[in-house]
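Just the one chain here, the form predicted alone, laid out as structure tokens.
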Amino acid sequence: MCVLGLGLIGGSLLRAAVAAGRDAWGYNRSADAVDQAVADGFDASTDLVAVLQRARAADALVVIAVPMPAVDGILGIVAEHAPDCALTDVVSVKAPVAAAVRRRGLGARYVGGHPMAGTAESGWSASDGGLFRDAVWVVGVDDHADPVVWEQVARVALDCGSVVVPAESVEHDQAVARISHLPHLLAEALALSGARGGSLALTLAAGSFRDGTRVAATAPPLVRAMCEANDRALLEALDETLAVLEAARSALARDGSTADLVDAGHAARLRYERHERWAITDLEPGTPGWLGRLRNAGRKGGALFEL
């Protein structure tokens, strides 16, 4: 396996893959990250062409692990030096990556991926081979996905300790706009509210403020990259949330009550806490209708715990 990008997610993937017994190596543009990886005993290089030529010779799975703004440029070099390799990614949006892959003529061997894991830290120094343990790893089920590549990508996720949830790219992006990208914007807004309260507010801040603003500590370029690449779905979720807050403001001003929002929000949180994934079984990639069955299972909360 060849990992292109050795930040938090790519670096953690390289660590987890090697720990699982895979022959894995990586690339990063920054020499500092590569030096750190090599010092930690991993196979890494700043020579992208050489890394991809090695991947082509080994028929390796190539993993795109760079921020969205850098994806197209990386794909152009992959198309030149390793066009026949199986290809996946760990980028937080799927439809824009899939579109870029198709533009570069790499769609036949591509299956998207997105591990739902991370921290507010970034870079190789923050990487952790256990980051994906018990996490959800989305594996794409877009039309015409290659079943052999799909199984390769799913096995990587399982080897890293994750469970596999199948999802189509647009549906994935609509979902993560609500449970990942919108929370980043809300955390930024909450952090601003606290800061504008001055020193006393920050001195009094405790668990609810800390937990609500945790992801606001993420490097701003990374937050912008994920949110702006998913602008259409994020705007829909943001508009809906602003309408909810405006209704709550109106009720508070008119009736002195927050009951509608608090009661509905509490019920929604309980629904999340009670939600359980169920195991998808008896499905062999490549059999008639397999992609449609996986899409439907993923929509209903199904996951693969083994292959």
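All values reported here derive from a predicted model rather than from experimental measurement. Heads up: residue numbers just count along the shown sequence, starting at 1.
As for the form predicted in complex with another copy of the chain, it is not shown, yet the points below apply to it.
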Q: Could you work out which of 149, 95, 106, 223 is the residue within 4.5 angstroms of another copy of the chain in the model of the complex, going by heavy atoms?
A: 223
Q. Among the candidate residues 234, 75, 111, 160, which is the single one with a non-hydrogen atom no more than 4.5 Å from another copy of the chain in the model of the complex?
A. 234
(Q) Can you tell me which of 45-53, 28-36, 65-73, 264-272 lies within 4.5 Å of another copy of the chain in the model of the complex, counting heavy atoms only? (A) 264-272
Q | Triplet 123, 293 and 307 all within 4.5 Å of another copy of the chain in the model of the complex via a heavy atom | A | no
**Q.** Contact flag, residue 259 vs another copy of the chain in the model of the complex, heavy atom cut 4.5 Å
**A.** yes
Q: Indicate whether residue 196 is a 4.5 Å heavy atom neighbour of another copy of the chain in the model of the complex.
A: yes
(Q) Check residue 210 for me: does it contact another copy of the chain in the model of the complex (non-hydrogen atoms, 4.5 angstroms)? (A) yes
**Q.** Non-hydrogen atom contact residue 155 with another copy of the chain in the model of the complex at 4.5 angstroms
**A.** no
Q: Check each residue of 176-205 against another copy of the chain in the model of the complex and list those with a heavy atom within 4.5 Å, in sequence order.
A: 176, 178, 179, 180, 182, 183, 184, 185, 186, 188, 189, 190, 191, 192, 193, 194, 195, 196, 197, 198, 199, 200, 201, 202, 203, 204, 205
